[in-house]
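Single chain ahead, by itself, as structure tokens, in the form predicted alone.
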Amino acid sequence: MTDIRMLLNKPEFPRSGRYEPDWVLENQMGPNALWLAEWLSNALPLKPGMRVLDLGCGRSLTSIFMAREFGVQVWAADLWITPDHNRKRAEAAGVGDLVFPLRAEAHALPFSNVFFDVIVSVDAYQYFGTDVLYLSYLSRFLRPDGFVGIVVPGLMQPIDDIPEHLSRPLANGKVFWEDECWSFKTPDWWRKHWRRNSTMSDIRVDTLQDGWRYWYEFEKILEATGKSVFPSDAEGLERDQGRYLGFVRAIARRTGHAGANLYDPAIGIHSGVDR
């Protein structure tokens, strides 16, 4: 276990290295969520007592991380993982009074307007946030000058067709590029996508240097420990070497007023436009 601890302990992510390897590996659902959450939190003004929505939190590793590291209150929202299991994880981690798990669908969030100081999403936003209407909808839950921040798998350069090395079967029989990978977008795509939204400003988009390598190394750790939830993508990432695959971070601040809820117009009509 010492070797695994050393592999998980990256100088680039010093906070993440303090978490038990068994806990990280048992609760993972993809790329190392703590590394990505730490990279994201470095760009957000998180302060004790803030209300944070963690959208698509999975097994709530990111929610627990932010509560423990920054003293924020986190609403841990996920569609697939039951709130009971996430509550138990939060209590075992000593932040049961700061993490509030719930089941929620991203287009039907059960919150009042301007409730949150910050909204985050780690390795989930690509599944619903490419919709041109979505950021406007999400921003209604942010207080004025509140922040939204995401980290998503992304493309380091545009593609029209699937690169051959990502469509060729891996040794384990899996093909890296599945249909859901079309939700991977370039930094420029996310920048243009968010700039079209009048509710948000101060938009910053960047990529994680050597992001593919962190993804690859974590996949190899999962292989070595037998903790993989899904067939390993390590071979596909090694083939790619960061030519196309990596991680994109996007941050924006709410400065405009949200209009009607276009996913459910009746909500907008009856509740009015927020302030």
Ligand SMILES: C[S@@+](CC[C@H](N)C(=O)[O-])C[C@H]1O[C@@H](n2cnc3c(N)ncnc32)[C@H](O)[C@@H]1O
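Residue numbers here begin at 1 and follow the sequence given. The structure presented is a predicted model; accordingly, all values stated were derived computationally and were not measured.
FYI, the form predicted in complex with this ligand isn't displayed, but the following is about it.
Would you mind picking out the stretch of 157 to 165, 187 to 195, 97 to 105, 68 to 76 that comes within 4.5 angstroms of this ligand in the model of the complex, counting non-hydrogen atoms?
Answer to the contact question: 97 to 105.
Exactly one of V152, I81, V205, M200 has a non-hydrogen atom within 4.5 Å of this ligand in the model of the complex; which residue is it?
Partner contact (heavy atom, 4.5 Å) among the options: I81.
Does this ligand come within 4.5 Å of a heavy atom in each of V52, D117 and V148 in the model of the complex?
Not a single residue of the candidate spot has a heavy atom within 4.5 Å of this ligand in the model of the complex.
Using heavy atoms and a 4.5 Å limit, would one call F111 a contact residue for this ligand in the model of the complex?
Answer no; every heavy atom of F111 is more than 4.5 Å from this ligand in the model of the complex.
Using the partner position in the model of the complex, report whether A43 sits within 4.5 Å of this ligand, counting heavy atoms only.
Result no; A43 lies far from this ligand in the model of the complex.
Answer yes if any heavy atom of A124 is within 4.5 Å of a heavy atom of this ligand in the model of the complex; otherwise answer no.
Flag for A124 set to yes.
Test of understanding: in the model of the complex, would A33 fall inside 4.5 Å of this ligand by heavy atoms?
Yes, A33 is a contact residue.
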